[in-house]
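Take a look at this single chain in structure tokens; it is the form predicted on its own.
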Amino acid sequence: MATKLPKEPVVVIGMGWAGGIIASELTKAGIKVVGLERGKERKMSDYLMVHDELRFQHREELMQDLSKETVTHRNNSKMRALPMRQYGTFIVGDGLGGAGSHWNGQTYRFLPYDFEIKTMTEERYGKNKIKADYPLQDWGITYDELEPYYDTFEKMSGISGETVELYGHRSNPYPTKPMLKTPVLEEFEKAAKKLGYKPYMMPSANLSENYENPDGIARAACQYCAYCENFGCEYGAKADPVVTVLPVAQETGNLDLRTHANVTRILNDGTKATGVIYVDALTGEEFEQPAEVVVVASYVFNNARLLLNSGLGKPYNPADGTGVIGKNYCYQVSSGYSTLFYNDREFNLYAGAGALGIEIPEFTGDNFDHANENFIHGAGIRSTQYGNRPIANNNVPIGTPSWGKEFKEQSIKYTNSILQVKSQGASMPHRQNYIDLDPTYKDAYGMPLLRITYDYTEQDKALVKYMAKVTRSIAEEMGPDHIDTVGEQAPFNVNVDTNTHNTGGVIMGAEPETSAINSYQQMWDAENVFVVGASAFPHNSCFNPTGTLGALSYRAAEGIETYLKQGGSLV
């Protein structure tokens, strides 16, 4: 029997970027918030002197324990889904800060094209351009409507960057200047300019200079130490909920933060939520937390899983395309890259940062003509310098044995002599790519795991072939002695693919027939439930999702504050 606690105005499930932003905004407005985080508490001092690649990169200390809770995967509905037992294709954060603690810091805005993708694609190419099996839809909001919230997120986190002509308009410049342009990035820049492209420095949540944000949070500049992804930042240079929005919320005295609090169900009567049930992960004790508003901000997979396990919203049915919870699961398409090997040149590859990179805009979104192509949208073509770490950097040319004398010789030869021209492609929804509850496997609390049914599509394969030609042309201009280009997209493998950007499952839109939530992230079917995160994306763009997630979180916070005053649907 769960211990019933006093009712509170708002309970937030998950204390990463989405939950942290909402907690910060509501508590500043004087609203009491209960924040439930299933992992442990963290603060910046926990990150001091922990440049331990084995502990954090390979043993994944900041990630969810897959022995207690994981996902299952199959490539299609004819296969049996099996649990993901080790991390490969994506990593799921655990603990205060969530993915906002272990991320790289690449902070883009999506394009105006993204938010009205169906309308704009049909206007330019006709209705036949979008195939029937691709349930593409507009987002129920435009770029111009979301732009002020992007601006707020960038000022809070101190994003370093430069304005790009081919992207959406900006009401303000980035709050800090771009990161340093290293000799590695200059190699890409020179080659790209020779080919007529306009490269720009990647927008970065790794501060290029000391910065104090509008909330009075002061942070130091990036030291280019190379320990960003999978690590917390000991300098506070990388924007992280633990060093930005959460301290602001805690300072108000209006945030009741409870760690090791794993929410298993959202209590509801079918039309409104009444609260949540959570388990204290340390003692096993179960609690009921009643609330006027329930905010689900617990990452893409858990957002959908909680709704499905709680009977909220209509589950998606791939057979006829009806239902919305689990619909439009998307990933990203990262093949098409080229690897450059130099025999007589060396670079300093051990310094770097998670968002130290340079990119060209010409192949993103609809910035090039797709009339004769078998795909829509595009890819960011880029070169990055994350900084190599000592254990897991043994890049060798394709065809080299994976062990033995030749592997060692090639690995040593190219240790400081390898660069990459990368491609990060957009992911369009497909009717047979979705998430639902697994009928067989359960977590440590006896709740069904989330099942992913996903494989790359013909759209993805065509995009990869196109972008491989682009990356190779830039690579050739950079003058290496050998180039390997991955020009074909293999089947999706949950243990191998390496892009970490999952989206969809609780998507936003303009009407309840095709979406789960409105533009304030408020559920159509339960007006006091707000589901916030990249789970809201109807498709995934060619950019990293955090900037858009942050903007939508600020808009959701505004909506929740309005709802507490007047109730009802906000749209």
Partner chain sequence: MVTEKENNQITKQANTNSTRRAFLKNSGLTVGGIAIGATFGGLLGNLRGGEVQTEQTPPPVAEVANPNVALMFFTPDEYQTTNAAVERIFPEGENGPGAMELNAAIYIDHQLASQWGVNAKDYRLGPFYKPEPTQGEQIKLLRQDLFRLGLKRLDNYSNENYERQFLDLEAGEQDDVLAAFEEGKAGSISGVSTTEFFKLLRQLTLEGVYADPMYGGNKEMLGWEMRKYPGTRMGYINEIQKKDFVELEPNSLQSHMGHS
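Model, not experiment: these values are computed from the prediction. Positions refer to the first chain, counted from 1.
Just so it is clear, the following notes concern the form predicted together with its partner chain, a form of the same protein that is not shown.
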*With the partner left out of view, is L306 within 4.5 angstroms of its partner chain in the predicted complex by any non-hydrogen atom?*
no
*How about N495: is it within 4.5 Å of its partner chain in the predicted complex, going by heavy atoms?*
yes
*Is there a non-hydrogen atom of I277 within 4.5 angstroms of a non-hydrogen atom of its partner chain in the predicted complex?*
no
*Interface membership of F90, its partner chain in the predicted complex, 4.5 Å heavy atom rule*: no
*Of these, N343, S171, Q86, N372, which has a heavy atom no more than 4.5 Å from its partner chain in the predicted complex?*
Q86
*Which residue, M79, A462, L166, L195, has a heavy atom that falls within 4.5 Å of its partner chain in the predicted complex?*
M79
*Tell me, please, which stretch of 146-154, 486-494, 296-304, 128-136 lies within 4.5 angstroms of its partner chain in the predicted complex when heavy atoms are compared?*
486-494
*Among H73, Q223 and G352, does every residue place a heavy atom within 4.5 Å of its partner chain in the predicted complex?*
yes
_Residues within 4.5 Å of its partner chain in the predicted complex, restricted to 383-403 and counted by heavy atom_ = Q385, N388, R389, P390, I391, N393, N394, S402, W403
